[in-house]
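Consider the single chain below, provided in structure tokens and representing the form predicted alone.
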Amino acid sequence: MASLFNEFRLKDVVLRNRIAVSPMCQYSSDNGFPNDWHFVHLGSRAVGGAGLVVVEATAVSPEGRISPADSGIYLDDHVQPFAKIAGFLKQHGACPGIQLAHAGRKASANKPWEGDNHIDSDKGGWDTIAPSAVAFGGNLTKVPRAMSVEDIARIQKAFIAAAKRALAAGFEWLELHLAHGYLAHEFYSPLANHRTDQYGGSFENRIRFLLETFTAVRKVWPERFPLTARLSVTDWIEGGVTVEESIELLRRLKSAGLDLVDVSQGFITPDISQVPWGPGFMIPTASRIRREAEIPTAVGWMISDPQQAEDAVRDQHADLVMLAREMLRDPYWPYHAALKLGDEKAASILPVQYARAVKAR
């Protein structure tokens, strides 16, 4: 049997395989509420055989949305529609997960297909906040307001409240978004964090927001369920975050209760040219982090070939493979991967409604 189709246990959660659907923004919400689009988009990937399905970056406060059409869980009324989604995912064999996020200085933007640029405050946008009053650049030109210590405490309370709502909605896997140039990453990276107080400057200070926020969420998220994080482990630019720093940060997060890291990279500035784009280019880095930080890892980025995914898990470079674009191309990727790898589980991956009509070749 292929290693990709082995079960994976983390805390009290058992995934049916090592294939996870990565959180993918759909820019299809109204005031944060998920709708039928999200139900079908996420539900079809559970029906397709993934072991874990993670809801897109879901804002913990209104100003934390990337765009006005982003998913959010900052209202108690958000719980019920998310509960419908989480229940369906679990009913069809996938662990229901959700990623909590705050976009920081990259918030208040248009949808990607509408320009991906900042929206003026008088045209439906809003003022943004960040560790420092430094614009992201490129199409995102708004200069954010530098957060006060009171702002920091308010956002941390928003993460706590969002985690409680996620639990009430039936999610069993929680991921904190500490990556891709959003708020937590902005605190972590010296390219965005120019503060001179206890939240800026030294490595110890730059990781303070991340550690405090994680620790606060850990207190309200049940120990029986995984608490994970997506982390940009490198900024790919001189003066930015390094893999060595990230390994030390992950050791500390592990001590604070981190169960798994979703290894990611970049996007703290718009002008990075050093990324070694290519199939599975983050797998070696994830492998290093798994060894040196001694923590379970998930890895994604341009993984599409089943054999590459199988090798990553079999050779213990990662515990889970996160699929995004490939799952958009093929919601039934797990079934087709099992066929290609010659795994005996191929026939059982499909739901009974399909399996009776579609036989494994």
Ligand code: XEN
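One rule holds for the numbers: they count along the sequence shown, beginning at 1. Bear in mind the structure is a predicted one, so any value in this text is a computation, not a measurement.
There is another form of this protein, the form predicted in complex with the ligand, and it is not shown here; the text below is about that form.
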Does every residue of Y182, W301 and R325 put a non-hydrogen atom within 4.5 angstroms of the ligand in the predicted bound form?
yes
C25: heavy atom within 4.5 Å of the ligand in the predicted bound form?
yes
Taking 4.5 angstroms as the cut-off for heavy atoms, does H177 touch the ligand in the predicted bound form?
yes
Taking heavy atoms only, is F267 within 4.5 angstroms of the ligand in the predicted bound form?
yes
The ligand contact at I66 in the predicted bound form, heavy atom, 4.5 Å
yes
Quick check for you: of 289-297, 25-33, 307-315, 39-47, which stretch puts a non-hydrogen atom within 4.5 Å of the ligand in the predicted bound form?
25-33
Determine the residues of 133-169 with a heavy atom within 4.5 Å of the ligand in the predicted bound form and present them in sequence order; the list may be empty.
none
